[in-house]
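Only one chain is included here, represented as structure tokens and corresponding to the form predicted on its own.
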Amino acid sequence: MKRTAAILLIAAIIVTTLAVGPSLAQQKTTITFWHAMGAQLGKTIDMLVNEFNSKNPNVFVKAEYQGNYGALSQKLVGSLVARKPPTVAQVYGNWAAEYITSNELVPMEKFVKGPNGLSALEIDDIWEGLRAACVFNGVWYTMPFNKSVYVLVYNETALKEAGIAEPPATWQELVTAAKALTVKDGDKIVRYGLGLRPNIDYFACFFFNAGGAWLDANGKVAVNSPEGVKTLQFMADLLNKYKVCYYVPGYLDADFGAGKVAMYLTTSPGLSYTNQSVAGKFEWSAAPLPYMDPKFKSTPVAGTDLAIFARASEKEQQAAWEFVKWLVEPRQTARWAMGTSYIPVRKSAMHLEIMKQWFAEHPREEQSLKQLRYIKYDPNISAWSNIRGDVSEAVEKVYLGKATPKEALDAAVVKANARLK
């Protein structure tokens, strides 16, 4: 009799377990995270996602690599048309601006200010410039994630050989250094002092450091301001008047490593490619961008933010917030920076022992962080992607001698402001 009772008890437990098991499994909320981080960046993403999943039994993040940013953008648009977007994704500010007009994003401040949100100290711990770039019409919509700033890369060996003790800090010092670093073999230049690219990003590196601003007080594109004209004239003079630089449409790290150019501009993640190209052939380092005047010291910020999509259920949105919140905690953003050379989005991350040790071993990486108080960012307007093309076209026209800086920028402003209507 006792044996029969025991068997019945075991059977009851098995039945109960089978009944409860699926219920417990159903409590795990699965969310999709679309990103454009390949190679080493993707490995770091996967490492962090796997760790989050292991520490959060009620949430499962399915990270899905979508290809480069262009592919990610196309797939996001397609998913919105099909009404099946991911739960969370990387987005540029101008993408987010377009999604917001269609009510496709949930404001991040809903979660930041919610019961499981961030304290005032935690909010202040996010770099102000990065935080401000996530605000659209006074509403905090996205969270800064893979952010980078521009730096000046220079051939330290060549600089010392030229008798220059420090990298150039001002525009005038940049001209002086570029002249000293330009090497000729007869009439042929075998090494240029500086390399440029014909795009809005390189223009921005000089424009902001001349006191320029993308938009005027009325919200109109204002690259043809006196600061803009002065900037483009300076860049043209480096090419045509001083003859100390050349320009290429692509990246310059290979030319730098080959000794064809002694200085160029790149983003903080680009430093790893610089190191690969140099491959120990000479000493090199990085420095903050040169400025026209110390009061204009600044750097453009690049990279994407994280957005949570409105078509997700409330449960999925909360799970997505758990992931986003965890991802930008000091320790995670520090490890993200160490694995990718992007900048940590939290100030306190720089005081962690793991980051201090990282900087001690990688002193060049610290140069990026010296500029975090001087961040300038692109306007959060949906037309900005096309406007970038208008300004880049103006820059190249001047490089080619097809227009003066004023003519080229005036034409760009007409096109750009027509896009804002």
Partner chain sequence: MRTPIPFRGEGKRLLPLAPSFLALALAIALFLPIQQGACAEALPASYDYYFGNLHSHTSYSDGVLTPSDAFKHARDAARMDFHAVTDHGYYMQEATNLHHWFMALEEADRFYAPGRFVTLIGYEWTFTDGHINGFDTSRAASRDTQRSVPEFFEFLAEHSGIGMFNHPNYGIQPNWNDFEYSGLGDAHISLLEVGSGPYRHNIRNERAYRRALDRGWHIGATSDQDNHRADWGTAAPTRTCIIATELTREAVLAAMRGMHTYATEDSNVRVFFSSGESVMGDEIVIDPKALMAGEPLEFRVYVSDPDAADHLELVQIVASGGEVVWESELGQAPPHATGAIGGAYETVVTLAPRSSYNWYYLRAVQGDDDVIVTSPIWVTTGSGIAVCDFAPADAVVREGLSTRVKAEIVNRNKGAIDRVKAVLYETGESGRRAVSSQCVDLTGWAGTDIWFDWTPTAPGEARLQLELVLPGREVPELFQAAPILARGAGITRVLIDEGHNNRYSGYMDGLIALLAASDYSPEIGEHAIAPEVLAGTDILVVNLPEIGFALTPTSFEQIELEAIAGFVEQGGSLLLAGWSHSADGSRTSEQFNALLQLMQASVRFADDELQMDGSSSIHVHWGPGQGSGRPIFASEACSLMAAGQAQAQAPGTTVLARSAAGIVFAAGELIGSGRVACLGAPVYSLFDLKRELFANSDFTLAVMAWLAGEEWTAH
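Keep in mind the model is a prediction, meaning the values are calculated, not measured. Positions refer to the first chain, counted from 1.
Separately, the form predicted in complex with the partner chain exists; it is not shown, and the next lines address it.
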Heavy atoms within 4.5 Å of the partner chain in the model of the complex: which stretch in 253-261, 330-338, 155-163, 201-209 meets that? 253-261
I'd like to know whether Gly78 contacts the partner chain in the model of the complex, with contact meaning heavy atoms within 4.5 angstroms. no
Even though the partner isn't displayed, in the model of the complex is Ala287 close enough to the partner chain, meaning a heavy atom within 4.5 Å? no
Check Ala360 for me: does it contact the partner chain in the model of the complex (non-hydrogen atoms, 4.5 angstroms)? no
Does the 4.5 Å heavy atom contact test between Ser102 and the partner chain in the model of the complex come out positive? no
Contact check in the model of the complex: Tyr65, Tyr273 and Lys406 versus the partner chain, with a cutoff of 4.5 Å between any heavy atoms. Do all three pass? yes
Report the residue, out of Arg311, Lys179, Lys297, Lys110, that has at least one non-hydrogen atom within 4.5 angstroms of the partner chain in the model of the complex. Lys179
Could you work out which of Gln172, Ser119, Asn137, Asn116 is the residue within 4.5 angstroms of the partner chain in the model of the complex, going by heavy atoms? Gln172
